[in-house]
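Heads up, the chain below is alone and in the form predicted alone; it's given as structure tokens.
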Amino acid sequence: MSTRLPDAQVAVLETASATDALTIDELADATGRKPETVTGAVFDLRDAGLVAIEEQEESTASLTDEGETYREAALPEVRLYEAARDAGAADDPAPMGQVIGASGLEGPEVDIALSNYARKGYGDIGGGEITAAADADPESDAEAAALDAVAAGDAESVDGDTLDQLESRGLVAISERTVRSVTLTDDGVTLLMEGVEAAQTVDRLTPELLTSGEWRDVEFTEYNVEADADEASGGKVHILRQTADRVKDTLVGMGFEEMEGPHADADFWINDCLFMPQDHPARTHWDRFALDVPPIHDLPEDLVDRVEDAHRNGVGDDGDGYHSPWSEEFARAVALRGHTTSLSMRYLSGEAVGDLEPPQRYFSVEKVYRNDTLDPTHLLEFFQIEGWVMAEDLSVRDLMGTFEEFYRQFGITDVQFKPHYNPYTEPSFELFGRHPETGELIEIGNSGMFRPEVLEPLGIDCDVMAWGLALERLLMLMYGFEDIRDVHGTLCDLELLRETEVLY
């Protein structure tokens, strides 16, 4: 007597071979069934001992839109080298601005070219000048050749290190999948020889079967109590949001109040109040997301006048200002905030909650936007931990002590400080923490004492210490993540997010 099995299982048994392994896709094509239907049948047959499954991880490389662009137009560093060589930089150093202009590079492409130029041995960059190595050969650029190979579907021929480099630059996307191959077992062959036929079975009792009476005549699929149940992954709060909430709890516990305000704001609040010159590189289209919307007219006119005067003439008897252009039209233009210090300016000026009398402590944990090059520690949008303290007789020691106390709450005790320059704070310093896995020091924040050119136009006559810390960098120090894109953004590792427990 023939053994009766569900139709899909019979089709797989009759198509599979005991000697030649067939993939799920091949079985699906041969049987005319959907891959997911074949997969279910294969797993049922494996549980019955009729087929064997071999699993293999397979990687596929494809060009991103940016990679395709550079494949057609040449890599930015190659274009920079060719422009430098044409400018005679192989003999004598050429002016950087002249070569960049001749290369046709714009926006982030300039930074990309500069960061890869010396790495590839195309020449040296320094002091506003560039040289071109006479023996460099852009025609044999390994990364350019790899882009062509990936586009042609021949990623296997590319050196692994080169492929990793292209992936880190965002020019190649690597996708992985599990390929399952199926072969008949001895029991499967024996069953086929004895005879097998398809059974018209149903897997559930429906109202239609009950009302029609057909349930008496159909054959129900056998219920396998040993089969693995479908995995159900419930929703949960993202680990970044959980860490942000913990940061808020910590700062509130340290006596701070929370600030809030717009993501898109006038450049006046974002930069001008910070004594950032309007011709500063960070305020160009290279680093700033400007919005094509009407300017903001609702600004306190007296404060605008005081800020403009500080930019033009400085503050105090020894103040000198910037001697650079200052446009009220630019100040009123709208952009996505590059830092949450725009909130600090709104609160310190009294615009947000009225005039404040010292002592005061405020913070925010909010998203900011910068036109950065994506890498393991940089994103186009990220969360900044903004904070400031207004009080009499504050010093850098107070600021450093605040950081040590804050990071101690997260188990981080090795915080290091490095002097730094900011247009809006003096003295200033950057903060660094040691990565628990790599042992490297990574920058985790920037801080300092607000300068008189910032405070006097705001009407503040006491000290204010302030900082901007990176929430994502804190996450890296807490959990040992080496690439922030694993937990934030479109390439994040969902399984990692499901399994990682919040540290308290």
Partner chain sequence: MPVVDVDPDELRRLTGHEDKSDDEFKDDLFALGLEYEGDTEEGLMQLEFGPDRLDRLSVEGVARSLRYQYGDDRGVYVPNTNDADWTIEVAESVPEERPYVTGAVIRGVDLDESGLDSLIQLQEKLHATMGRKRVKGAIGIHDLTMLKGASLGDDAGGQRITYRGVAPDGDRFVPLDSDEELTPGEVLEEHPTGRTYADIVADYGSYPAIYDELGLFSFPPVINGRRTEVSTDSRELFVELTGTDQWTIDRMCNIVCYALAARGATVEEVEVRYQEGATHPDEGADLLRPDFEVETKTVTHDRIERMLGLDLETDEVVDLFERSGLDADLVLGDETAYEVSIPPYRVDVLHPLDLVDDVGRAYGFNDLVPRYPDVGTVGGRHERSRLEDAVRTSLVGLGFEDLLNFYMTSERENYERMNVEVGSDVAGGDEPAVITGPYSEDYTMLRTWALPSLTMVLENNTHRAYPQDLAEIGLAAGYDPEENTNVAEHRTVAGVLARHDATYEDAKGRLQALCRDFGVDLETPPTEHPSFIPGRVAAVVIDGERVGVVGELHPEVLVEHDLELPVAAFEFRLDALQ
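Residue numbers count along the first chain shown, from 1. Keep in mind that what you see is a predicted model, and the values were worked out from it rather than measured.
There is another form of this protein, the form predicted in complex with its partner chain, and it is not shown here; the text below is about that form.
> Consider Val396 of the chain shown here, and say whether it contacts its partner chain in the predicted complex, taking contact as heavy atoms within 4.5 Å.
Yes, contact at 4.5 Å.
> Closest heavy atom of Glu66 to its partner chain in the predicted complex, within 4.5 Å or not?
Although its partner chain is absent here, Glu66 would stay clear of it in the predicted complex, with no heavy atoms inside 4.5 Å.
> Counting only non-hydrogen atoms and a 4.5 angstroms cut-off, does Val334 reach its partner chain in the predicted complex?
Because a heavy atom of Val334 falls inside 4.5 Å of its partner chain in the predicted complex, the answer is yes.
> Any of the heavy atoms of Met449 lying within 4.5 Å of its partner chain in the predicted complex?
Answer yes; at least one heavy atom of Met449 falls within 4.5 Å of its partner chain in the predicted complex.
> Sort through 174-182, 138-146, 76-84, 246-254 and report the only stretch with a non-hydrogen atom within 4.5 Å of its partner chain in the predicted complex.
Of the stretches listed, the one contacting the partner is 246-254.
> Quick check on this chain: which one of His280, Arg434, Arg71, Lys120 has a heavy atom within 4.5 Å of its partner chain in the predicted complex?
Residue within 4.5 Å of the partner: His280.
> Heavy atom within 4.5 Å of its partner chain in the predicted complex: which of Thr402, Ser349, Thr377, Thr131 fits that? Just give me the one.
Only one option qualifies, and that one is Thr402.
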